[in-house]
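Next come structure tokens for two forms of one protein chain, structure 1 first, structure 2 second.
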Structure 1
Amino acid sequence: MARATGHPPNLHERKVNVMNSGSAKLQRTVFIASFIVPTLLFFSVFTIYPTIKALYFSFFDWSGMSQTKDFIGFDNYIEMFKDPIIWRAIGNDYFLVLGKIIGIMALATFFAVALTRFNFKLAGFFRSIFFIPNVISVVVIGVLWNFIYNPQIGFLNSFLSLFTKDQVTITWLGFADHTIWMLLPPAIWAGIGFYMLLLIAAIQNIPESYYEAASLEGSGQWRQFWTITLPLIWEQMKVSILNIMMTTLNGSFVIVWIMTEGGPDNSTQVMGTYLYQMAFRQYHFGFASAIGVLILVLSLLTTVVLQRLMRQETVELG
């Protein structure tokens, strides 16, 4: 690059411009097309097309196994809104969204600040460790947490039994209600590392001079966090919150399915598991597709709402 800066750029540039402004434009178009089209084509064939096809199925009464489908218009949607389980699933989904946003953001922010601003010697070590759950397959995480929660041979009950006279036999995944709470710890545990790294990077981008000035004015860590760190990492926190919401709404399927299959008695059903249950266990593929559309619509709506809410928040903070 050093060589390039030695050139007399203006002259050269002008010459190029004058000589082929017409064909330059064509060249540019060809270049753009050749870089956009193959990817887009690929994406259209293997992602967009199957998705649209699935959405199309939501207007059919189709078992998912039969070779015939009946067009029924919006009946699947009407039935869906009459189904109490779908409401429960939506409730559970938003419970997870809220719980994960609070849990992950609180801990990830705390860790990010602690590992950048508190001068701990082991900061690098902690940072490396905390990300590990993110590299492990969700399947593996589900299996591990199932063993933690197992009523008889599980870790949690054995641990609690150390402090009690009788053997503790709590069925952690079998409460009549609120069993969904038990899925929050694994979800938070598995999610923190990613957002922590994001926030660490944001904090490291804040010029040290801001903090120095604040220190000179005598403000401590706590004050510095509220006046400097938080406002300046708010952008990344917003991105994180949106991302948690999206990945939860369309991705909590795996962990829930592996741990409870939506049970007992649908108490941990989320939209993703109900979609799977309906499509592959109860043979209502059309109905399941309608749930898929619901997930998509709710994701979009929630994104818009959250963005509104958080925009106002920024103004207040600013």
Structure 2
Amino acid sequence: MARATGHPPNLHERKVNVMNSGSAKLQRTVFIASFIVPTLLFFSVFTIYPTIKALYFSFFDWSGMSQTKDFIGFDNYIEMFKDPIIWRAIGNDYFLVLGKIIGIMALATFFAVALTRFNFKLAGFFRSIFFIPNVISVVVIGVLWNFIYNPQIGFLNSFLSLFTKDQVTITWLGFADHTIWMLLPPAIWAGIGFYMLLLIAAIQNIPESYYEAASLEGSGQWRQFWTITLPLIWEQMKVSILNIMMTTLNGSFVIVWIMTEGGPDNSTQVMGTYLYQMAFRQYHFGFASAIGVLILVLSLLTTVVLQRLMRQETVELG
């Protein structure tokens, strides 16, 4: 009644308002915590704790099997940076990062633009086809491409034999200087679909009126891409590039190990495969932990560098 007659609320009404406000804040806090706490616990158990443990083990000479560990300080790191294989592995990792970023982003952007800016009747079908590699296990992809590269029964040699008199029997994964190049096609093929769909979603959010206005001004498809599409999907492209970099530095192990096991002559070693080899083949867990720390440091540094290189003013839809 106090509010209806224009009088200020009495003491009882103030207490009720404060209690209701406090209850709403508590419910909001509990709601937010119900999402944050499980995620934080999961992240702590499966990411933070293993990272700290790996850093700890990197200061010891430990086989991974014995109960005794000999503290050796930074000797594992000194040994690692003197090892020529680790430098080759780092070079191979960044070769794959660069190759995948260029290959995946170029093809994903091309297909995303083609399937959205041109009236393809089978656009939905092609989206599904391009996404198929993303639902296939990386192990299956590695085995599949091993058969494609097989010198006797492989599809690639069989296809090339159609244009030659003699049967082509090139050992595609047997050249120390060139085998790392053979790992790029399966890695790029496996990643196109996901990033294509990400860019398609970004392009579909661009108002059609922008393109209509550009067409009225005489801009062709190529100019529309550079002046409208690319600036407005740049944020999604940055996220894609960073994700490709992170997944490559941390996840190239599977496809490299399945296809070449780091060979021939360590020519396709990446940091992940060398870590696995040192830990589970040579039982040098302290050294392997040092490699794991190196992967983490390089991933963080590369992320910072890429973010600075790709930094530009964000274009927002008006």
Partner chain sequence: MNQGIKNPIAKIIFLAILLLWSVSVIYPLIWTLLDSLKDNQQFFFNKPWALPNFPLLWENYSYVWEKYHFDKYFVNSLLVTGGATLLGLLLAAMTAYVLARFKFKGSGAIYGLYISSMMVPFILALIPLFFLLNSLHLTNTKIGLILVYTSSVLAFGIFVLVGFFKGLPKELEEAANIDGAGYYGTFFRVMLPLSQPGLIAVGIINVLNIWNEYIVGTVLVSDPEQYTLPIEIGVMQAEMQYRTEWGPLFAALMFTIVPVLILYIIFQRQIASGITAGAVK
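Definition used throughout: the rigid core is the maximal C-alpha set that superposes within 1.5 Å between two forms. Remember, it's a predicted structure, so these values are computed and weren't measured experimentally. Quick note, the numbers are simply positions in structure 1, starting from 1.
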Mapping for form predicted in complex with the partner chain resolves to structure 1
Does superposing the core leave Arg28 with a CA shift of 2 Å or more between structure 1 and structure 2?
yes
C-alpha based rigid-body angle between structure 1 and structure 2, smaller part relative to larger, in degrees, is 15
